[in-house]
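What follows is a single chain, given as structure tokens, in the form predicted alone.
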Amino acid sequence: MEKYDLIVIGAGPGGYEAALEAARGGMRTALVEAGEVGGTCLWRGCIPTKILLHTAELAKEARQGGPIGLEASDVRVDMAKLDAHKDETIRGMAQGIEGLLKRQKVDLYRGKGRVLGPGRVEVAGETSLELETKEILIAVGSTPAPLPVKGIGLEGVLSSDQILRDPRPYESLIIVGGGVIGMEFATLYGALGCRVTVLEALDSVLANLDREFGQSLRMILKKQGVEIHTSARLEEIRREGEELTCLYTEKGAPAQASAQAVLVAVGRRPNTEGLFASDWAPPMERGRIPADANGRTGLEGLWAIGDVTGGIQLAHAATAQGLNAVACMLGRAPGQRLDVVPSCVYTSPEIATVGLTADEAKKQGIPVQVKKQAMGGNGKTILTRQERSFLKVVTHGETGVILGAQLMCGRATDMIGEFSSAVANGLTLAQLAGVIRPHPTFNEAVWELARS
């Protein structure tokens, strides 16, 4: 029986980065993965959606390029070629990860990992085998959450995993769910020229973010022909000829919408089914594994990170949690700040946020000051013809320390890193004001806001 210092179950960003870190720290490490190395983020989430969004946005810009001298109104996207490009890119990135694992001497086992007991892991593949270890790290991620409504199993009703596996040139699409996943797909298919209808049960889209994001994005997408219904609760899906019809109530009144396909994007659930032997499992809550900030569970030698813990479902958060867990295993101080985690939405314009919103700070009794900078005068915003854009920074009303930032603008997902560093290090706007940014860039708006 092979013996290890650490076995990681799940080869997504949290799992494979933790395995690499452990190997660098001198731990004999194994990584167990039932599917593809890279996990949901690489194969069914972050990367494929951004590949598709990039091409869709290029096509939209080309079609709308007349005013700036770009005559390409007949441009179209060949979805078969785009899908092939997506798959080729993902395979190349997966091979790169496998190369890193090999160089760091991390043993990769392909099969479903199952925890049999303290320090014992079964790998069920073509042939099953049992491994022994000092520590076990669970990083199995999550799967799309099902929606218990009649008709959910009809052909053409898709999860985000399914629609990314086989993206098609739909003429019409209904998206159930106006969260991050739903709004990214609304942006994607809207840019492809598809007639998109969004049904969101809450009273706004992107409801877990600053409310101005949802309001602004709704107006932008409406101009592009995307129809958004809030306070809209799905009741049933029916097949009617070549289309699917969603029956829903909107603010209590019955309504319906029809399309070629329905995308259900109402969140994700921990992927823990069959993960533990019946006689040895940690305390669990509705499938999730509670863990402390450094990944410790209720059982000695068992750690958990990422989506499976029920916390923030972000690849970079899982990576940071994994690095901290390994540091603790090695007897080192955790080096990642888990209280400052940026969130990004790859709509157009992009959305990014970190730290506290003004409302959140006020609820904590913190005196706040909010400074907002419209991007209408920013040179890069003007020349790239960005839609409604702004920066918003929340500072402590007495000390001026930056508590959080909310960005909706071009390259917001790249710019948010500056504010993440500012929040983590207790910087003030006055300190940001003393640092020169290049012109013309989106980022120089930070300099302007800080000096205003």
Ligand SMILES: Cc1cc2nc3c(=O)[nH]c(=O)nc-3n(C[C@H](O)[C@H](O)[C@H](O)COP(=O)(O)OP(=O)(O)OC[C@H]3O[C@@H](n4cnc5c(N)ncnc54)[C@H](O)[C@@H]3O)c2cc1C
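All of these numbers come straight from a predicted model, not from anything done at the bench. In this text, residue numbers run from 1 along the sequence as written.
Not on display, but discussed next: the form predicted in complex with this ligand.
So if I measure heavy atom distances to this ligand in the predicted complex, which of the stretches 263-271, 249-257, 355-363, 326-334 falls within 4.5 Å? Selected range: 263-271.
Sort through Leu314, Leu101, Ile220, Met93 and report the residue having a heavy atom within 4.5 Å of this ligand in the predicted complex. None of the others qualify; the residue that does is Leu314.
Indicate whether Gly214 is a 4.5 Å heavy atom neighbour of this ligand in the predicted complex. No, Gly214 stays farther than 4.5 Å from this ligand in the predicted complex.
At the 4.5 Å heavy atom threshold, is Ala318 in contact with this ligand in the predicted complex? Close contact exists here: in the predicted complex, Ala318 approaches this ligand to within 4.5 Å, heavy atoms only.
Would you please decide whether Ile402 lies within 4.5 angstroms of this ligand in the predicted complex, comparing each non-hydrogen atom pair? Residue-level check for Ile402: no, no contact with this ligand.
Can you check whether Val32 is within 4.5 Å of this ligand in the predicted complex, heavy atom basis? Result yes; Val32 sits at the interface with this ligand in the predicted complex.
Assess the spot marked by Glu36, Gly39 and Leu164: is this ligand within 4.5 Å of a heavy atom from every one of these residues in the predicted complex? Yes: Glu36, Gly39 and Leu164 each sit within 4.5 Å of this ligand in the predicted complex.
Sequence-ordered list of residues in 111-129 near this ligand in the predicted complex, where near means a heavy atom within 4.5 Å: Going through 111-129 in order - heavy atoms within 4.5 Å of this ligand in the predicted complex - the hits are Gly111, Lys112, Gly113.
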